[in-house]
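First, one chain by itself: the form predicted alone, in structure tokens.
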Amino acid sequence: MSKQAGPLALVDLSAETPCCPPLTQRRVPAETAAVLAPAFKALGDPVRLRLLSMIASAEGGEACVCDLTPAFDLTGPTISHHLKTLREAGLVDAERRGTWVYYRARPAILRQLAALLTVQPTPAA
């Protein structure tokens, strides 16, 4: 990922039209794939997937880096690198409060990723 990358641009989330029809129903347009692929790529690492899970499921909807780091047998800078990757992929937002940084999942992008991977049950034959 580019060090210059900004937060992931979201696909339109209007209430009338789902942003991403499931890929089993319609081919993914090139523009949508280009927007969502960095988020899937970021989640392709087990540490980042666990970090996002910890953040998204944290009480109050946010987690302090001070609570995330002890859960891993990794150095602080390595955890910071993974959190930066999640931030650059648009999956989390970060807010500095004093000496600590607090992370919050971005539900809109998580809904987009989930919608794209939704598989409708097939009727029994």
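Start at 1 with the first residue shown and count on from there. Computed from a predicted model, the values in this text were never measured in an experiment.
Keep in mind that the form predicted together with a further copy of the same chain is not shown, yet the notes after this line are about it.
In summary, among the residues 66, 37, 94, 74, the only one with a non-hydrogen atom within 4.5 Å of a further copy of the same chain in the predicted complex is 37. Contact check for residue 57: a non-hydrogen atom falls within 4.5 Å of a further copy of the same chain in the predicted complex. In the predicted complex, a further copy of the same chain stays beyond 4.5 Å of every heavy atom belonging to residue 101.
Although the partner is absent here, residue 80 sits far enough away that none of its heavy atoms falls within 4.5 Å of a further copy of the same chain in the predicted complex. a further copy of the same chain is not drawn, but in the predicted complex it has no heavy atom within 4.5 Å of residue 84. With contact defined as any non-hydrogen atom lying within 4.5 angstroms of a further copy of the same chain in the predicted complex, the contacting residues in 43 to 62 are 43, 44, 45, 46, 49, 50, 52, 53, 54, 56, 57, given in sequence order.
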